[in-house]
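In what follows, one protein chain appears twice in different forms, each by itself as structure tokens: structure 1 and structure 2.
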Structure 1
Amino acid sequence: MHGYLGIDVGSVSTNVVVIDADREVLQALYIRTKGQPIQAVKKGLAEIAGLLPADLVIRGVGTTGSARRLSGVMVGADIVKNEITAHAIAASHVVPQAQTILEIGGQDSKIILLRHGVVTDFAMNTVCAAGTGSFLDQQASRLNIPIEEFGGMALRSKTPVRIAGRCSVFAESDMIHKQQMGHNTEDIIAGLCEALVRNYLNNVGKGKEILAPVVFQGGVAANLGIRAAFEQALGMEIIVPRHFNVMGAIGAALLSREEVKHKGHTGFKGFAVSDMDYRATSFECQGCSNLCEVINISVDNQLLARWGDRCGKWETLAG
């Protein structure tokens, strides 16, 4: 039996997916990165290996997400792809007619427009993370509500209050103010969901032609309140795929399948990677006034890769 592995290491979660030769998801894992991408990848690989049938052979591996390069070096990825392309690939695989993808993750949010299965336009939040998962997480914990219940509570609101959504600092002070005025928590949460959607559509979605079918994915798609706010704001149905929170990893796995078709073999180092001693160290290069922060990635004390310099001096040393 053959399978393809996809790994998406993002700021908040690390997702590991294995698909079979027919591109169906065999296993999917969603674990928290907790700022330690190397540990998260090792943990994810160890866990998923235990869930797979014994006769399964990994024929290809792809990585994506903000730590795609790091994780790619660790596992011997056949393809290392940016998360925008990976998300688009996965969405158009699951919903072949998809024309719009809304994706909200931990630190970034994006919109991707597809026409006839081709990405024609995309945008990503530029500077502020007001409309992303981390901010929702933070507010949920401030209000002492488990994030899983956050969206459901929003749906119980009768009269959502208005919250300023443009900047996370403004939003938070606005929320505190409304709380102190005596508004109930449901209404504040619903207001926050609406503010987040408004901000997303006005910033990331500015000037974009949003056509159905609309696919909503990324960790925040679990939030019922945000889903409802999107449906209301757009006046159309929103499709949330079954594996909405690991779509990037699915995209990476799909891409590795294509890549290996051309290449003929995989560079996958095996699940034993999870037992190896990977280390990342860094130093500041004193070669010029740029003072680049150079990162060394080593396994069992052997240098595996090195990057972070602007001039290429250290990168080439890594050979």
Structure 2
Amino acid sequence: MHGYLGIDVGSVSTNVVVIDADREVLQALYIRTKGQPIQAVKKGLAEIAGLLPADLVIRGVGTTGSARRLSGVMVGADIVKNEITAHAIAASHVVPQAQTILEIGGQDSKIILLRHGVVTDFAMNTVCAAGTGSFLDQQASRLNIPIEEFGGMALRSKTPVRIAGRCSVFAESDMIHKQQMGHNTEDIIAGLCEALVRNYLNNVGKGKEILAPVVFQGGVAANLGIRAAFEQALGMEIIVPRHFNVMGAIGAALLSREEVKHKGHTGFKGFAVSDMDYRATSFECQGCSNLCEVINISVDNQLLARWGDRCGKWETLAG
């Protein structure tokens, strides 16, 4: 059997996926990064290796996410791509006619517009938490309700209350005020879902032509209340893929499959990577006024890669 590996390392989660030669998902993992991307990648590789058939051979590997260069160096990636491309490729594979991708993760959110399978526009929100999953996590914690129950409770609401959602701080204050006024919990939760969607559409989606089919992915897509709020706000069906929370990794795996077709071979270092002692260090270059922070990646005291400088001086290992 031949398989293709995709790795998506973000600030909140690290996702690892293996697809087969027919582009079907064989195994998928969603684990917490916990601020340690190297350890998360090693853990993900070790876990997914144990789930795969013994006769499966990895023919290609791709990486994406905020730590895509780091994970790419670690595993010997055949292709390293940004999240926009990876999510667009995955969505187009699942929903070939997709024209809009709504992606909401734990700490960022994005919108991607596709026309005839090509990305024509996108926008990202990495500044305010009000349009992300962490916003819901915080409010669920304050209400002492498991986040897994949030969506179902929102759907039971009869009269959602309007909550100021432009800022997470104001939203929390407004939510407390609504509680003190006597509104029931279901209506408050539904109001929070609508506030997140309103914030997303007014910021990330501002000025964007949102056309169907619309694909909703990222960890927050598990929340039925958010999905319902999007459908109400947009007046159209929202499609949530089966593997909604690992779509970036699926896209990376699909990209590696195409890349290896041209290369004819893979640079994958094998699952033994999970046992290697990778280390990341940094230093501040004093060569000019930019004072770039240069990242060193090494394994067993051997320098593998450097990046972070604007001029390219340190990108060759000789320095």
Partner chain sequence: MKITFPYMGTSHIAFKHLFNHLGHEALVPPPPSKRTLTYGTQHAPEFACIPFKVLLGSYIEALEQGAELIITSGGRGPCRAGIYGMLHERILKSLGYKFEMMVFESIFREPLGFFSKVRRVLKAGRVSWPRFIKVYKDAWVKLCALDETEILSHEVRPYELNRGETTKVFKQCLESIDRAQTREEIREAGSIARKLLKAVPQDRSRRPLRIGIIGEIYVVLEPFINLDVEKTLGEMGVHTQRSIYLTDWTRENTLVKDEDAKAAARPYLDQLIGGHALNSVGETVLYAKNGYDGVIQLAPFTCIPEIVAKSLMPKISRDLGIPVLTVFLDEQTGKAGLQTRLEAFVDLLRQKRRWKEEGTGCTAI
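Please note that residue numbering is based on structure 1, beginning with 1 at the start of its sequence. Quantities reported herein were computed from a predicted structural model and do not represent experimental measurements. So that the term is clear: the rigid core is the largest set of C-alpha atoms that superpose within 1.5 Å between two forms.
Of the two forms shown, structure 2 is the one predicted on its own, while structure 1 is not. Core-superposed comparison between structures 1 and 2: the Cα of residue 309 travels 2 Å or more. Taking the core as reference, the Cα of residue 295 moves 3.1 angstrom between structures 1 and 2.
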